[in-house]
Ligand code: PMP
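Shown next as structure tokens: one chain only, the form predicted alone.
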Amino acid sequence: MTTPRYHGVEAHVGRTPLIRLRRLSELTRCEILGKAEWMNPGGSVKDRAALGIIADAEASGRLRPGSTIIEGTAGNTGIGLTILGHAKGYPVVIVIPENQSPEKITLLRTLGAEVRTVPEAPYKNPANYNRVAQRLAEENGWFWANQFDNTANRQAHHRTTGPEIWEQTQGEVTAFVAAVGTGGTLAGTTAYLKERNPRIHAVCADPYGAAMWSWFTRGNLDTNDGDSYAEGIGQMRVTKNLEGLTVDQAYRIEDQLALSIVYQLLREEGLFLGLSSGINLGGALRLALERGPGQTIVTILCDSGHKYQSKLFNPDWLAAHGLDPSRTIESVLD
């Protein structure tokens, strides 16, 4: 039997380009590089986790022909699960907080997911979107993807993202920076890179209001230091994907710095990114300035700005939330 020459969409997740961020590299005299994850079929880094979770569930028999996939998500994992689920013949139900961007919710419905919006609620609350997804899975016999505590997520990054970065930098990477949503990207990629070179710096870029900076620097989840408008990142608990992970550095990244980076890259380098990418780049920038020239720092460009036009690229919304897209990177750092 011959090997097929051509494949469906599920075979084209990953192997994304590594892009040099010229503005940040010149500012710091380092090589600051971003994985262009918006080039995945579903438009985000979450396609990697979605495919890993589906493949693992199929291999274990938890996902069979005719099964329905359900997940609680801030959007991007839901988009990945919907596209890849449909490519493999599975209906998809998505539970999403109603405060996420309307573009994400509309896109999920356009893609054919059954979407259920719920009010935002903390994880311990039964009304939390993840808890609702878990309950619906149990009531209906559906497969709950459980991206936060399903370590097939972390394993997908150990199997793909880490090796790609190592190969693309020819082993010259000195640091990897990522924010935490589920923790799979940071944990899985870090594990692989440190297996190849234990001296590679692992760095968490955390938005204000999340607990990971506190966890990694103080060993507790006690935090009450503001808030962030970044979607899809900002974790308040240690998920199973994060268990056992240690990092070399963690930074608090303010939304204004992330926004300034996003807008400056758009104007000067033609990169159209979301705020979570700006948080990641803010972490890479702070590490570069702290450790000095000559580093090769890799981070994740999580998705494009298309799903945030009603907020992040809306002048009225920005003004109402005290964010100024005209401020330069240097002015925020000062």
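All values derive from a computational prediction rather than experimental measurement. Note that the rigid core is defined as the largest set of C-alphas that superpose within 1.5 Å between two forms. A residue's number is simply how far along the shown sequence it sits, counting from 1.
Only in words, not in the display: the form predicted in complex with the ligand, which the text now covers.
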* To do: Counting non-hydrogen atoms within 4.5 angstroms of the ligand in the predicted complex, say which of T161, T182, T82, T190 makes the cut.
  => T182
* So in the predicted complex, are E231, C302 and Y308 all sitting within 4.5 Å of the ligand, heavy atoms only? -> yes
* Asked: Could you tell me if K35 has a non-hydrogen atom within 4.5 Å of the ligand in the predicted complex?
  -> no
* **Contact test in the predicted complex: N40 vs the ligand, heavy atoms, 4.5 Å** => no
* **Answer range among 138 to 146, 174 to 182, 124 to 132, 257 to 265 for contact with the ligand, defined in the predicted complex as heavy atoms within 4.5 Å** => 174 to 182
* To do: Determine, after fitting the two forms on their core, whether F176 shows a C-alpha shift of 2 Å or more between the shown form and the other one.
  => no
